[in-house]
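In the form predicted on its own, a lone chain appears below as structure tokens.
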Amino acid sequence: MSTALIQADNLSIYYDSQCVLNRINVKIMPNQTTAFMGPSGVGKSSLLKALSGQISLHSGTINYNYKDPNREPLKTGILFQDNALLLHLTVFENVALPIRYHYNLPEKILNEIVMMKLHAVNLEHAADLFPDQLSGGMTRRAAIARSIALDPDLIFYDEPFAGQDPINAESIAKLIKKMNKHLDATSIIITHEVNLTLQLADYIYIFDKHSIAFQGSPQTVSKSKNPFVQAFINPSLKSDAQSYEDKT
């Protein structure tokens, strides 16, 4: 059995005195796509920030495991929910930015790497455009290209399907799967997009009220009889979810 790439134990996150997540345990397996799902405000983004080192824990531990004990620290990439592209830079320069920051490469080599990343997301033709000249789908793909600029081992996706039409959302889901395979990477996704996630993810955590309400493979989630889970994956059952919440 594979060792978890990331293992978080008894993890709690607070903002001032407000509890966001309380003593949760999470395992992220290597070369898989793990999804965090649940209603808004239940701590999914906070967990992603904790796992990616952007915020501190109130308590608990996060361990990053390697097959090779001498291996360098994990290289990570992040797709932010708002894309976070710099508007005064072209698509090319946005993707080049993290490479320029970490490495001093000849321009010819830098150009080859950036164009390779843009090719991966079908945006070679947009290299000289600025973010405000892109469609919503193109903007998201440009942000994905930047997130993979350093060939990360671990990629965090914060709401990659948000604001996308069904065709673009499906295209982005295929890109995520493609990146995992070609980069031999591991992905963590925060999303509300149920159908695509059930097709894309290898393992799903569903959060509610500062804790994990349910977890399992997509098949396990789909077959769950838990009223809260069923209401989340099938919005027509919202009234049942409300009854469940009232009882708890």
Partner chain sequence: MSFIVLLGQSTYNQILLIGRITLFFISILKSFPRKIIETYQIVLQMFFIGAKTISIIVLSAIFIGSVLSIQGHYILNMFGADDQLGQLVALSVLRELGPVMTALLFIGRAGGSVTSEIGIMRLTDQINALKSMQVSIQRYIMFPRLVAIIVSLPLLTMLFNAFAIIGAYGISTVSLKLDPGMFLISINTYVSLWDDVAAGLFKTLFFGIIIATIALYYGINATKSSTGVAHASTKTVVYSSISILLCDYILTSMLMRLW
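These numbers come from a predicted model, not from an experiment. Positions refer to the first chain, counted from 1.
One more form of this protein should be noted, the form predicted in complex with its partner chain, which is absent from this view; the next part is about it.
Although its partner chain is omitted here, in the predicted complex none of Arg141, Ala169 and Asn195 has a heavy atom within 4.5 Å of it. Distance criterion of 4.5 Å from any heavy atom to its partner chain in the predicted complex singles out Ile78 from the list Leu134, Ala127, Ile78, Ile113. The contact residue chosen from Thr61, Ser217, Asn65, Gln54 relative to its partner chain in the predicted complex is Gln54, the criterion being a non-hydrogen atom within 4.5 angstroms. In the predicted complex, at least one heavy atom of Arg100 sits within 4.5 Å of a heavy atom of its partner chain. Although the partner is absent from this view, Leu86 contacts its partner chain in the predicted complex, with a non-hydrogen atom inside 4.5 angstroms. Figure note: of the listed segments 90-98, 160-168, 114-122, 173-181, the one touching its partner chain in the predicted complex, with heavy atoms no more than 4.5 Å away, is 90-98.
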